[in-house]
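Next up: a single chain in structure tokens, the form predicted on its own.
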Amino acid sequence: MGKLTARERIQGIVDEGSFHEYDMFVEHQSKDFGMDKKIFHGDGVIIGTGTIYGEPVAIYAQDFTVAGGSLGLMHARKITKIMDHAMKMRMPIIGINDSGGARIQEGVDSLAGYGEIFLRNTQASGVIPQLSIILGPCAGGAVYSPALTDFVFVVDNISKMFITGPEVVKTVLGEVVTMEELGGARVHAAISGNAHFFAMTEQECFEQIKQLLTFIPWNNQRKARSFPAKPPKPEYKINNILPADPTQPYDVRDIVKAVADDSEFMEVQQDFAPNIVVGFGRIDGETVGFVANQPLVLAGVLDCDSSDKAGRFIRFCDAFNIPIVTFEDMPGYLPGVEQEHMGVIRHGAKVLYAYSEATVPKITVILRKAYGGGYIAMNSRHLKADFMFAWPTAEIAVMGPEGAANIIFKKEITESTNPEETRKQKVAEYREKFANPYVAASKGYIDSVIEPEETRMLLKHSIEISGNKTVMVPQKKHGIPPF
């Protein structure tokens, strides 16, 4: 089938010669349906430890060549054993999923095994990084373990994730769909948002994993490894990115690359909800998480999917001590019946909750538009941003000048002998008085109005002086986010 074996996959991820396998001789204990006459070597899963760039990791890989990689009780116990090991040793856990699902012959024992895995995924959340790689089928209850982990990697034409297969869909709904249409790699990377990284080959996927691990810490008690600082590449001139016309779009990733070390930016969920951009980079050698509105798509508005995407990324950064840099340019939340019915209020509140809850250093730079609820949601001073900067091109207001003028000056415009000319004058009047950063700066909501070329220097300074930031939070079991 052109796929690597389970051991080849592990060897392709960890440092050469570093993998040590455990429980190679474990066998299933089932006796029903003739299982006592069948031997499944290793019970269809390989577990062990190794290193990546010299740092220890725990890893397991389901082996489709042994009983279709199906999950029975001993198979599950091997996985939970290596997960417990990862938690105890405070190192990342990497799971390679390639399985036909629950082993039917073992009945409820298989379901119990999945439950034990899900419990450990939840307990490890926010303590150690959890990475899931889908390199084959992952169906039914099996999909919920990857869904509980921090990052999911998929490979084109190899990865398959769905709660029910095409046959069941046809039987129940009468719809004919292929595996790719139902739950292929491209579906989960671009439509469902279940995958965070998409690759064309297994080897490309392994390189993505290694790159990601250079940006994130090994556990929640550490910070990500520092690297020698590098200036951005000369082709990214921050003064030349913003168009002179405020209605014209641009690629906000160019802003990120204009301030990041060596212009390196590892984007997360690149193809899903592209109206917001999230990912990792470095400033002066230190990892930061970037969150940025993307004017190229839907003018950078927040909607249900982009709110989910940003909120989850912010919470990951906060859990693992990664400062958050926000670049804001957005006219607000996406209006419309569809969004309201999909729950944009509930989804949009996730961004508010994530920023408000985060205790890592939080820095915001307003590039252009910052209107209404969007201004508040994108890490405003009112959500306890540590540093608030604005470019001279920033427009901070309840709504855009055109809409505001139509409401505030409605009487003057309608009674004017030349309504259109009067409307233009009132729009200009509103823009001059309110749609600029200086009103907010005069009230202390903005720390400084800066020139674009000062951005990297001030971000570096802000991260340096907030390195020992301490926040006292109320004692409680946990908050109740708008899930």
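Counting begins at 1, following the sequence as shown. Bear in mind that the values here come from a model prediction, so they are computed numbers and not experimental data.
We do not show the form predicted together with a small molecule, though everything after this point is about it.
The three marked residues, 332, 371 and 388, fail to reach the small molecule in the model of the complex, with no heavy atom of any inside 4.5 Å. The small molecule is not drawn, but in the model of the complex it has a heavy atom within 4.5 Å of residue 162. The closest non-hydrogen atom of residue 409 lies beyond 4.5 Å of the small molecule in the model of the complex. The shortest heavy atom separation between residue 64 and the small molecule in the model of the complex is within 4.5 Å. For residue 236, no non-hydrogen atom is located within 4.5 Å of the small molecule in the model of the complex, even though that partner is not displayed. Remark: of stretches 342 to 350, 197 to 205, 125 to 133, 93 to 101, the one touching the small molecule in the model of the complex is 93 to 101 (heavy atom within 4.5 Å). Of the residues 268, 190, 179, 376, just one reaches the small molecule in the model of the complex with a heavy atom at 4.5 Å or closer; this is 179. Of the listed positions (452, 56, 68, 42), a single one reaches within 4.5 angstroms of the small molecule by any non-hydrogen atom in the model of the complex, namely 68.
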